[in-house]
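Take a look at this one chain, the form predicted alone, written out in C-alpha cells.
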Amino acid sequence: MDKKSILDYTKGELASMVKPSFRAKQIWGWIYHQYAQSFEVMANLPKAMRESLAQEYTLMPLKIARKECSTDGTIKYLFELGDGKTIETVWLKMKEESIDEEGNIEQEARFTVCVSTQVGCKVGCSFCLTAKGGFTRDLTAGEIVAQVLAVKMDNGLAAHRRLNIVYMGMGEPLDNLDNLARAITIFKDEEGLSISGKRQTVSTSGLSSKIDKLGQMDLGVHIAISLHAVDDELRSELIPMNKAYNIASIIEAVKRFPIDTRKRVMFEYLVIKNKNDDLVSAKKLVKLLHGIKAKVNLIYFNPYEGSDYGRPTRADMVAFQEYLVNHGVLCTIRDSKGLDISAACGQLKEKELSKEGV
C-alpha cells in the first residue's frame, strides 16, 4: 500500500494539495460524478497533473473479491483491500421501482448500502460471526467511501441517484470515530455524492462517551443503538462491552444526542429464541425507553453454522411488537433480507476463509 488513496481526503483538503486549487473541484467531479477509474481519463486536467496524481495516489483502494446475489435483490460483497484484508458490504433494495399507466417512472427504486468501518471488530458480541475473527485494523475514510462508490458502480446507479447509508457492517463505527466522521463529511459534500446526514445512520453497540463525541461533532446523522437486551446481565452475555458501557449510561447518552425533533432514535433489538423474545422483556423495554422519542426495530436472529442461538418464531415476534405498539412505542419488524445468501455480518468472509482452509 505505497500509494495513498485520494478518497481519503475531503474536497477542501484536496484543494490545498493540488495547484491551482480549482482543479480539486474537477477531480472531485471525475471521481464522484463520472466514476473515473483512472486519472488518465480526466481529460480537462493537464497531462503532467494526471501523471503526477497517478504516481502518488490510487483511485480505488479495494476490489470485489466475491459477491452473492439474493432472489430479493440483496447483494453481499466481499471486498479485498490493498493489504489483502477483506471486509463485507451489503446492497439492499428497499423499494421497487413503480411505473404509472403511461409507462413513466412514478417512484424510483430505493437502495441502502450497509457499510463496514473496521476489519474485524473489538466488541466481541457472542451472536456475531464477525467477532470470531477478532480485530485487525480500522478502515481509512477512503476505504469506507470506496464501498459506496464501488457498489454504485457495480449496480449502474447514476451519481445523482441518492441512497441511504447505514454504518452497520463489520466493526464498531464509533471505535473508528475520526475516520467515520471524515467519511460522513465526504459523503455529504453537495458537489460529490451529496448524501445528506439525514440519509446516514450510525449504528453503535453503545460506546456512551463516543455517542457524546459524535453528537458534539453535529454531523446531522441519525443514530441507532444496538440494544438487544433489557437488563445488564443478558446484555453483558450478548455484548461483553456492556460491562464498561452499561444500559443506563447508553440511555443517558442517547438523551443528550442532538436529533431532528421530527425524528426518532432507533433502537435495534436482535430477537433470539428463548433469550429475549418474551413479553416480560417487552414490558421492561417499554419502561426503559420511557421519555425517549424512540422507534424499536425488531430483528430476527440470522442463524449461522455453529451458533448457540436460535431464530424466534413469527408469532413471538408479532406478539412482542404488538405489546410495544399497544404501550405507545413505535415498533417495526425488519424483514430478513438475503436469507438465501451469506447475509449476516461475517458470513461471507467466514465462508471464503473456510474455502481457503484458514
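Everything quoted here is computed from the prediction, not taken from an experiment. Residue numbers here begin at 1 and follow the sequence given.
Here the subject shifts to the form predicted together with a small molecule, a form of this protein not shown in this document.
*Asks:* Against the small molecule in the predicted complex, would Asp278 count as a contact residue? Criterion: heavy atoms within 4.5 Å.
*Replies:* No, no contact at 4.5 Å.
*Asks:* In the predicted complex, does Glu143 have a heavy atom within 4.5 Å of the small molecule?
*Replies:* No - in the predicted complex, heavy atoms of Glu143 and the small molecule never come within 4.5 Å of each other.
*Asks:* Indicate whether the small molecule has at least one heavy atom within 4.5 Å of a heavy atom of Thr86 in the predicted complex.
*Replies:* Thr86: no, not in contact with the small molecule in the predicted complex.
*Asks:* Would Thr74 count as touching the small molecule in the predicted complex under a 4.5 Å heavy atom rule?
*Replies:* Taking the distances in the predicted complex, the answer for Thr74 is no, it never comes within 4.5 Å of the small molecule.
*Asks:* Can you check 181-189, 248-256, 278-286, 161-169 and let me know which stretch has heavy atoms within 4.5 Å of the small molecule in the predicted complex?
*Replies:* In short, 161-169.
*Asks:* Have a look at Cys128, Val119, Ile223, Leu149 for me and say which one sits with a heavy atom within 4.5 Å of the small molecule in the predicted complex.
*Replies:* Checking each option against the small molecule in the predicted complex, the one that comes within 4.5 Å is Cys128.
*Asks:* By the heavy atom within 4.5 Å rule, which residue out of Val230, Leu270, Ile195, Ile211 makes contact with the small molecule in the predicted complex?
*Replies:* When the small molecule is considered in the predicted complex, the option within 4.5 Å is Leu270.
*Asks:* Any chance all of Leu7, Gln26 and Pro61 sit within 4.5 Å of the small molecule in the predicted complex, going by non-hydrogen atoms?
*Replies:* No, none of Leu7, Gln26 and Pro61 comes within 4.5 Å of the small molecule in the predicted complex.
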